[in-house]
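One chain follows as structure tokens, the form predicted on its own.
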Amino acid sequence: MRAAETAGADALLLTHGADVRYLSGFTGSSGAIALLGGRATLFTDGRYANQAKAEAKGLRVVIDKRPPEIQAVEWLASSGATQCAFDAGITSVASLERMKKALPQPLRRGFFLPTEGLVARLRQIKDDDEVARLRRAAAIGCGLFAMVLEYVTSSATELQVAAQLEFMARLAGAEAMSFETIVAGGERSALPHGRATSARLPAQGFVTLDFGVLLDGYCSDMTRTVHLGRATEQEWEVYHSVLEAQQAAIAAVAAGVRCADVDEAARSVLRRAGLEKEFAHSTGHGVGLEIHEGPRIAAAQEQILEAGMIITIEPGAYLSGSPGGSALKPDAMAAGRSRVASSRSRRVHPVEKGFGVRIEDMLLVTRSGCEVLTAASSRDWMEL
């Protein structure tokens, strides 16, 4: 509420599910919280009467058949609120118009004060209970990766692997997947968000698995890329360049560090390897009640990391195929697989068939560095 007052409002309206849950504990799909003068009231409908009273302890609960945001606006107006802060980054134009119509005519002009991320910024710093929940969710993810590997074969389709992984997630206690599972094999591994399809996994090529579970309301997120069959030198080099970039970014994480500097730590490694143009997304993001939260780990992001944030580090490289493409330069080919050559000696050239690599871990930011929550799952090179 202090943040709303700083913005110039005497009331605050929250309608986003994650924000409502964060402040009240209420997990229903329809709810709104209104704050005014030190009073907080949760509005919902009859479907959640018992659930709201059990979960939203310490809050006054109002049950009505009307939409909760309309209930909340009418209560604020009748309680003497003069200006109400709301999250303009989440509220649709249509919803805002409906809320305005619920006000008495004299209040409609100037009553709503647009702000953005008042509660989302609070959610970026996790308390001990939240860290424990996220740690458990991450642990389940690590266990799933180890178990699903036996199903990653050239006789399986992407959908079959995704289905097996999601089935095992439920058996492990997950409420749901935290996002649509990505299983992308062969040339489809070059798609950063290649959702699982009926395509069969390749006899020889990369398979990217990007998945997470929802546990106690909190999300996990991890990505591993494995190779079926014997890899080319090009594939081996790209994988290890991405791995080196990820490790450089992880080493840069600590409270007090700019998000842009963590991103640059990964990007500089890929730049030296000739892969910067093949890395088309940000290096990471926050994780919590939602799979994508602040902060954003990307170029030009001036936000400073703080202890208690939980983020992902997930650089990647996605190469499009080109007919007649060559493999690796002779000097890199000579380096062989007996060692991980310096990224300065790795130069990527066109390939006949496209492929992609992404490696992602969840991290807890600490004052002196970070803790990798998904460390139990190996990032080592795997040829299955």
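Just so we're clear, the structure is a prediction, and the values are computed from it rather than from any experiment. Start at 1 and count along the sequence shown; that's the residue number.
Same protein, other form: the form predicted together with another copy of the chain, not shown, and the subject of what follows.
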| task | Quick one: find which of 179-187, 262-270, 306-314, 283-291 has residues within 4.5 Å of another copy of the chain in the predicted complex by heavy atom distance. | result | 179-187
| said: If the cut-off is 4.5 angstroms on heavy atoms, which of these, 218, 206, 211, 86, is the one near another copy of the chain in the predicted complex? | reply: 86
| remark: Residue within 4.5 Å of another copy of the chain in the predicted complex by heavy atom, from 122, 94, 146, 300, is 94
| Distance check, residue 98 to another copy of the chain in the predicted complex, heavy atom within 4.5 Å | yes
| said: Check residue 107 for me: does it contact another copy of the chain in the predicted complex (non-hydrogen atoms, 4.5 angstroms)? | reply: no
| message | Is residue 244 near another copy of the chain? Define near as a heavy atom within 4.5 Å, in the predicted complex. | response | no
| Can you check whether residue 163 is within 4.5 Å of another copy of the chain in the predicted complex, heavy atom basis? | yes
| request: Scan 173-202 and write down, in order along the chain, each residue with a heavy atom lying within 4.5 Å of another copy of the chain in the predicted complex. | output: 173, 174, 175, 180, 181, 193, 195, 196
